[in-house]
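First, one chain by itself in structure tokens, the form predicted on its own.
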């Protein structure tokens, strides 16, 4: 028997939870909405997995970080969905989507029909086995995307007390997990091919601080090479990591963070795509009537820069979901909502550090403040200047007010007469805007 719903959210991540909350606010009726997720748990705040979930003391656990607690909202426990008459269809993988017929088919052969579909399938991790890396299927090589992954990694950390960990990748996951593995007293080595960490965002000046700070915390960093193979012990567990430059690293645990791919395969050839995602308008409507896409999978018009972008970050996952639901409900009532006007925002926390970035990281850069890894209280930032205007701002160890100030700078894009003066003024430039 096919199940039919007015609205179906496909995917059970951050976007799904925030969309469900917005549907409830907009007065969705019991039985109208279903969330279909291949995960076994209700939507949760994914960023917790690379941070508090793996802490050696008082680690975070569900139900502690179900959405929408990550943005200061009410925690949506599984009971919340049933109280609202929203059907949570968990542990259910959709293997076929027929957008013309408005139907979804699960691996178990169930059919789900909908009137309006919200695609919130997010990203999947890129695996080393995708590149044919020898031995990449060994035990104790971990990827982090879902609670299940975090549980397995946590168990391995406990089992390999004081052991050696190798982190492959120097981006978000690499930096956050290297920190948390170090907190668990493992001997940690980070390996990445780029000349510095977080190259998609950090300048060499910003990265020099974090690399120096991590080194002081005991993290060994190897740059400019990649893992090309793994050897195993008699139990099939990883024993060594072979690097392209010929070095061999001992490892009890390997964690890989080399990026993600938007999960759009189900919709190939049925919907217009761009920049690796499903192309949408400013209301997250796709080229197919009654089909919306949000979060990592959406390529949308970024009004501030007048261009199409795809953004992989939790902040956009939350906000795009809310925007899409508001647009869906408004169109049903013959009303309109404001276009999505997003200010790109990224952040991270590790050790005692916490940074925020707003805007666009293009153009020339100015580093300001105390960016010495040896400083007892480092505090520094950077501005990005393009066409004589500040278009992006980064700040480490800012107060809430200072972070608001750099966000405002990135939004307002004030002109800059003198770049040297900007370096001298530093944060005070932002607080005057």
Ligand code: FAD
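For clarity, every value in this text was computed on a predicted model and none was experimentally measured. Positions refer to the first chain, counted from 1.
The discussion below concerns the form predicted in complex with this ligand, not included here.
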Check the shown form for clashes with this ligand: superpose the C-alphas around the site so the partner sits as in the predicted bound form, and report blocked if 3 or more ligand atoms are within 2.4 Å of backbone or C-beta atoms, open if none are. open
Heavy atom within 4.5 Å of this ligand in the predicted bound form: which of 408, 51, 66, 379? 51
Among 257, 277, 359, 122, just one has a heavy atom within 4.5 Å of this ligand in the predicted bound form, namely 122
Close approach of residue 133 to this ligand in the predicted bound form, 4.5 Å, heavy atom: no
At 4.5 Å between heavy atoms, is residue 110 in contact with this ligand in the predicted bound form? no
Can any non-hydrogen atom of residue 390 be found within 4.5 angstroms of this ligand in the predicted bound form? no
Could you confirm whether residue 81 comes within 4.5 Å of this ligand in the predicted bound form, counting heavy atoms only? no
Heavy atom contact within 4.5 Å of this ligand in the predicted bound form, the stretch among 302-310, 89-97, 248-256, 73-81: 89-97
At 4.5 Å, heavy atom to heavy atom, what parts of 389-416 sit next to this ligand in the predicted bound form? List them in sequence order, or say none. none
